[in-house]
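First, one chain by itself in C-alpha cells, the form predicted alone.
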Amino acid sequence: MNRYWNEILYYLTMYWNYEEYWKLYVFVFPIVIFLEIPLYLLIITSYIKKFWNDVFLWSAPVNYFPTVSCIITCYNEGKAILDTIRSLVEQLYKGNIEILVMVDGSDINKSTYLAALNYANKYHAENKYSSRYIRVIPKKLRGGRVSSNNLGLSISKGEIIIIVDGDCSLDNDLVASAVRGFANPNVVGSSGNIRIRNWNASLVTKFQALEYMIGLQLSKTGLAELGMLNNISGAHGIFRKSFIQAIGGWKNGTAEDLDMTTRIKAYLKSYPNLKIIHTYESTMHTDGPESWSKLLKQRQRWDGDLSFLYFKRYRKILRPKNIGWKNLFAIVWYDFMFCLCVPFLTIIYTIWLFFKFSPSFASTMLILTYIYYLFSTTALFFLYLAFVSERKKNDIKFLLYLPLMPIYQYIMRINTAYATILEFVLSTHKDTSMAPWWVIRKTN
C-alpha cells in the first residue's frame, strides 16, 4: 500500500517530465478542449453580456399585465396541492390570474381533488371580487400530464400559460417575472428557475441543489442568450397561448417538455424572429429525490427520453433545412456530444486507464481529472453566486459540498450511459409513471 501511494506521489510531482502523461492528453484533450471548455466559456461570456446589458443599459419599465392562466398538473399530491394553489393566489401581480387545477384520475385521487375543491370554494366565498380565480377540473379517467396540459390549454382564458407541478411552491413574484419577457411579441416560450426545496433532507438533495444552480440555472441563462436553450422544463414552463394552440398543443408520450421545445425550434427556421428565453427571476421550488435509488431512476427516465426523442421520434426532423444550422449545432454540441457522448467516453477512459497503465498511474490520472472538475465546478459556482443567485446567503452554504461534486458528476455520467443503453435495447421510454401504460403504448 505504501508503494502504491509513493508511486502516486511520484507521478504527481513528476507531472511535467513523465512522458506517459502525453498519452493521456491524446485521449482527454478532445473532450476538454473541444467540448467542455468552449461550452463553459460561451456560457460565461454570454451571461456577462446579459449582466452588463441588464445593469448598464437603461430600459423603460414594462407596462404589460395580461391575464395569465396557471395550469397545475396534479396526481396524488393530497393536501400538498394547497401549497401550490396558495402560492399562486398570493402572487404580487397586477393582472388577473386564472388557476386551473387539473386533477388527473380524480376518482382514485379524491384526496387531492377534495382538498383543492374545498379550498377553491372557501376562497371564492371570502374573496368575491378577487383578481385570482381558481377552477378545479376533475379528470375521472387518468390520461397523464400531457392530457392535463392540453385540456388546460383548451379551456384557459389567459394570454400567457404557465405550467407548474402540483407538488411545488412558488416565489410571490413568479408570475410578474415570467410575464415580463412576453411583452416582446416574438417571445413564444420561456423556461423558469427551479430550486430544490428539500435540499437539507440528505446529501443527495444537496447535490441536486448544486446541480440545479450550476447545470440548469447558470447554463440555461447563458445558452438562452445565445439562442441555444436546450429545454423548457415541464415543471415550470411559460408559453404564449396563441402559439402553442397554433402548433397543436403538447404531443402525447414521454418527455413532453423536451418534445415541445424541439417542436418550437423546428419553427425557428421558417420564423427566425421567434424567440425562446430563460427567465431566471421566475422561481419555483420542488422536492428532489432523497435517496440514490430514486434519483438514479429519475435520471434514467430523463436521459432515456432524450435518446428516444432525438434518435427515434425526431431523427428525420433534426436537419439544417428544418431547424437551421444554429439550432442543429446547439443540439449536436450540447445534447448529443456533451450530454450523451461524454458519459460513454468517461467510462471508456476509466477502463482504458486501468487496462493500459499501472493502478497507481491510473489513480493519479483520476486524481488530476478530479482536480480539473473541482476547479471548473468551483469557478462556475462562484459565477452563479455573484451574478445569478437571488439567495446568496443561503447558496453560499453549498460551498462545503463542492469537493464532492466531481464524484457526483461522475456517478451521474455513468448513469446516463446506462440509461441510453437501456433505451436503445428495451425502449424504456414506454415504462414511465407520467401517463398510464395504455397512453404511452399508443404513442410513437
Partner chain sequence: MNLVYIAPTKKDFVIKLLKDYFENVTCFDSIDDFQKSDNEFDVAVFSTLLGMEIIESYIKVARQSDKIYVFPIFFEEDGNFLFYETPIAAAKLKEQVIAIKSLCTEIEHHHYSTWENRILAYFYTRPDFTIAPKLDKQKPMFYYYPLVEQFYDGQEDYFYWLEDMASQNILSKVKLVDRIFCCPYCFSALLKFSDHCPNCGSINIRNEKFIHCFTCGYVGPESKFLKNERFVCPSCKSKLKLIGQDYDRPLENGVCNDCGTYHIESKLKIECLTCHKSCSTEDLSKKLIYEYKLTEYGRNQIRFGTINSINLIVNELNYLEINHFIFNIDWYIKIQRRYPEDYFSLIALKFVLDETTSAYDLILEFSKMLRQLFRTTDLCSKLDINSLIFFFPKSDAQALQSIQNKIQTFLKNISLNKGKFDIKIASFSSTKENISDKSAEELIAAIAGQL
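Every value quoted in this text rests on a predicted model; they were computed, and no experiment measured them. Numbering follows the first chain given and starts at 1.
Beyond what is shown, the protein has a form predicted together with the partner chain; the following relates to that form.
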| query | finding |
| --- | --- |
| Option touching the partner chain, based on a heavy atom within 4.5 Å in the model of the complex, out of Glu211, Glu290, Glu159, Asp173 | Asp173 |
| Position in contact with the partner chain when the complex is considered in the model of the complex, options Arg86, Lys356, Lys122, Lys140, heavy atoms within 4.5 Å | Arg86 |
| Exercise: Ile351 in contact with the partner chain in the model of the complex, heavy atom 4.5 Å | no |
| 4.5 Å heavy atom contact, Lys94 and the partner chain in the model of the complex | yes |
| is_contact(Ser360, the partner chain) in the model of the complex, heavy atom dist at most 4.5 Å | no |
| Glu390 within 4.5 Å of the partner chain in the model of the complex, heavy atoms | yes |
| Segment that reaches the partner chain in the model of the complex - one of 86-94, 326-334, 339-347, 362-370, heavy atoms within 4.5 Å | 86-94 |
| Stretch 186-222 - residues with a heavy atom within 4.5 Å of the partner chain in the model of the complex | Arg197 |
